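First, one chain by itself in structure tokens, the form predicted on its own.
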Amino acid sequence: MQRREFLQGVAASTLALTLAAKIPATPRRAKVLVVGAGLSGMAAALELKNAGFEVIVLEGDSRPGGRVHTLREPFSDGLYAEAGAGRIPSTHDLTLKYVRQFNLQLAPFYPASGAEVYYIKGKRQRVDAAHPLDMSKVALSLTAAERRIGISKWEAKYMDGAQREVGRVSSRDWPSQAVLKAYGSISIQDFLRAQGASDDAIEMLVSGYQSEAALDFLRDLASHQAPMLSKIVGGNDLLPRAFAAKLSEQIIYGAKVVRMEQTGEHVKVSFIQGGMTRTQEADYIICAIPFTILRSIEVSPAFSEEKRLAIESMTYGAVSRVFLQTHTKFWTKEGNTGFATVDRAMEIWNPTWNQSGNRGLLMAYAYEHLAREIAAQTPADRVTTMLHYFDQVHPGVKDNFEVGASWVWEEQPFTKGAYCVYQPGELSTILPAAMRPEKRILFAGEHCSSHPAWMQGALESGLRAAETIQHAN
């Protein structure tokens, strides 16, 4: 496609709920202030820069990427793991487009062979082609059908039909009013109960996200079930770094925004840098920061009532990650991948299955109530707690342990949360309001997209904001 056709396709494929955005035009070469150097802000900034606009990006942190963050310290031998965005589905065309554009390499997220461990109710089982999960040893209270078909087929039993009805997220008229009515106002927990799922099966399927809108959960599940999940070789933060390299002269780091103001044909942003308050004036602002941060920024004149409600009421998920470095990849001796499924609000990953050297990393990806329990501990206690738990899942962790680390997204001063989680009814109310411009201020970020919680959503929203400004000028 030509560049403009591509951008128009992006704009058209965004939620049908968002009406065509209209913003004031300017008779001169427009200047745009982008607040936030996450993927959405940098995608917008790069597109506008290439189109001839004057662009300045204000970032409060000292690094680009926002919630795309690869952790390399305190690990040894060049090991790394993702503190933020971890997976790229093969259906996420925008993310893959930029991966190719910046000549980055991809690797599968999961290894092609090896056994995964299931650890449920204190019982451990290895699962591979030769040793399928023995449901007679799974101490859950299940229906006869759930026990007969096994855990791996529960998603298909309870959610495949609904996913087909929900349709392709990237289609131009998604979501339809029928889909919104059927799945937008019911929680995923109530939806699964209506399908006949047992409480224990629901806990395993949606642990931590029982109150999430069924439509939001089904949308997210479609990405997880893509034919292939990948990661960027060398770390996913190579993607925002590549954007930042193209925008090095436009990005101002250490700029904590405290006020946004609109006056007639101009906008003004005030930010604190080095203890001093500075200002920048422009024709437009693209606000590409989470609403958790926008809540503390002064705005004049005040936003519309719908926008204020969206900003104040949007729910952000809690995510805590704990990383354990081991002297060897000892789990491979048993033929295991290092990945595990457990009966807690947590996933266990092995990010180093394709990294060279003898040492390895195992990590806990905990969410919601478990993430907050971990966050309440000291950093040292987080590592100790997970070390004891992991030794039950992968016996030998304690004997091989060297160093540990943790990352809590609710503690990060420029995010204060991991990603937005839409509650029942909000996809038809809060989401359209979140995406809608306020005169000369536009909004971008995963929370303003059809793919919340994914890099795809951030990129989509940034391009939409850039296209809106280009159309107006």
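The shown structure was predicted, so the numbers you read here are calculated from the model rather than taken from an experiment. All residue numbers are counted from 1 along the displayed sequence.
Omitted here: the form predicted in complex with a small molecule. The next part is about that form.
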Q) in the predicted bound form, which of the stretches 159-167, 134-142, 315-323, 385-393 has residues with heavy atoms within 4.5 Å of the small molecule? A) 315-323
Q | Contacting member of 434, 442, 55, 58, with respect to the small molecule in the predicted bound form [4.5 Å, heavy atom] | A | 58
Q.
If the criterion is a non-hydrogen atom within 4.5 angstroms, does every one of 37, 68 and 85 touch the small molecule in the predicted bound form?
A. yes
Q. Taking 4.5 angstroms as the cut-off for heavy atoms, does residue 419 touch the small molecule in the predicted bound form?
A. yes
Q. Hey, in the predicted bound form, does residue 257 get a heavy atom within 4.5 angstroms of the small molecule?
A. yes
Q. Would residue 288 show up as a contact with the small molecule in the predicted bound form if we use heavy atoms at 4.5 Å?
A. yes
Q. Residue 465: heavy atom within 4.5 Å of the small molecule in the predicted bound form?
A. no
